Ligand code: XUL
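Shown here is one chain on its own, the form predicted on its own, set out as structure tokens.
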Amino acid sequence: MTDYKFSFGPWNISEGADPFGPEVRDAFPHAEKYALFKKLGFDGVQFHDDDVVPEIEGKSHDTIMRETAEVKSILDGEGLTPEFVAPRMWFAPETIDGGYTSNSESDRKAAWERTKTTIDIAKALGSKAVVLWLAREGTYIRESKDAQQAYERILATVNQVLDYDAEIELWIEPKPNEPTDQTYLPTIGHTVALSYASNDPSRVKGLIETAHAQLAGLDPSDEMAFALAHDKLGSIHINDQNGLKYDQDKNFGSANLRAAFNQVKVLENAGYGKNGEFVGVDVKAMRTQKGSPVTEHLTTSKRIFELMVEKVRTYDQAKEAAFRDARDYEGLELYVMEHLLGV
């Protein structure tokens, strides 16, 4: 059995901004967040490049490396593992219309320079992976870009990353929409195909987020199973989603407890976590929640995951197999629901 390790990113301790009204809580100092991880039961930290080096734009490489070393010292002191670093390019003016797929050559060059810096930060922190969430690599109208060329440019970037550093892993986090209307790598299937087309498929994997799969109209447990079947699941982000709308990042299992059970079931059956993989929690505090810092959404999601682990480990696999053999899916459904309800 797997003893799971959990991670989250500093951005999950929300500053309280609300696009539809006033701020609902006071900001919590960024530098003080690291001291909270272990107390909350988390061992890993997910990073964007500017989580490590705030206001990274315009800073020299030497300054960036010095500030990165300071953060590494903090992590070492807290006993925390840097799970990955991702370039946060969707706020940069050069990436308004995408970075790697932009029609502007200068914008594409700027995106690559930012990516190289992110790799340098990851290596200096002691992290083995860089994550690409291709936020703006898509379009609002399809005629604005050449789709085949866009895919080729993304693949070229993947190969540049692999060539730039011989050890780093690249984890792509697919999402079908938001902030763009449609993105170029909407599902884990697209990510796996891109991996096999790369110069080193063993180092190109996926990071599956529950809500992102649901936004694509797919079952997150199926997406996880597909990645696991190809040995391509670098990490996960657990959360939940109430319908096909904006990315809500609700507490894991809060909208669909059965879907949460099936995600954990897939992970348990595959032995996920035995090679050091983290269960990443990517959830937002409710807009109406007061206090500072607000962390209950993190511990709630972790607790629900752990309860689902207990449910999976007490689930009768032999009974499931008997229902399957008899093609008695009504009987199986009742068993699953009774098990979840503790009957």
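Worth saying up front: this structure is predicted, and the values here are computed from it rather than measured. All residue numbers refer to positions in the sequence shown, first residue = 1.
Although it is not shown, the form predicted in complex with D-xylulose (XUL) is what the next lines describe.
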Item checked: Three-residue site 133, 175 and 247 fully in contact with D-xylulose (XUL) in the predicted bound form at 4.5 Å by heavy atom -> yes
Next item on the list: State the residue from 272, 90, 184, 261 whose non-hydrogen atoms include one within 4.5 Å of D-xylulose (XUL) in the predicted bound form.
Entry: 90
Notebook entry, point to check: Exactly one stretch in 190 to 198, 74 to 82, 145 to 153, 208 to 216 has heavy atoms within 4.5 Å of D-xylulose (XUL) in the predicted bound form; which is it?
Noted result: 208 to 216
Margin query: Check residue 297 for me: does it contact D-xylulose (XUL) in the predicted bound form (non-hydrogen atoms, 4.5 angstroms)?
Written below: no
Check: Can residue 237 be called a contact residue for D-xylulose (XUL) in the predicted bound form at 4.5 Å between heavy atoms?
Finding: yes
Note to self: Is residue 282 near D-xylulose (XUL)? Define near as a heavy atom within 4.5 Å, in the predicted bound form.
What the structure shows: yes
Check: With a 4.5 Å heavy atom cut-off, would you call residue 302 a contact of D-xylulose (XUL) in the predicted bound form?
Finding: no
Next item on the list: Enumerate the residues of 42 to 73 that have a non-hydrogen atom within 4.5 Å of D-xylulose (XUL) in the predicted bound form, in sequence order, or give none.
Entry: 48
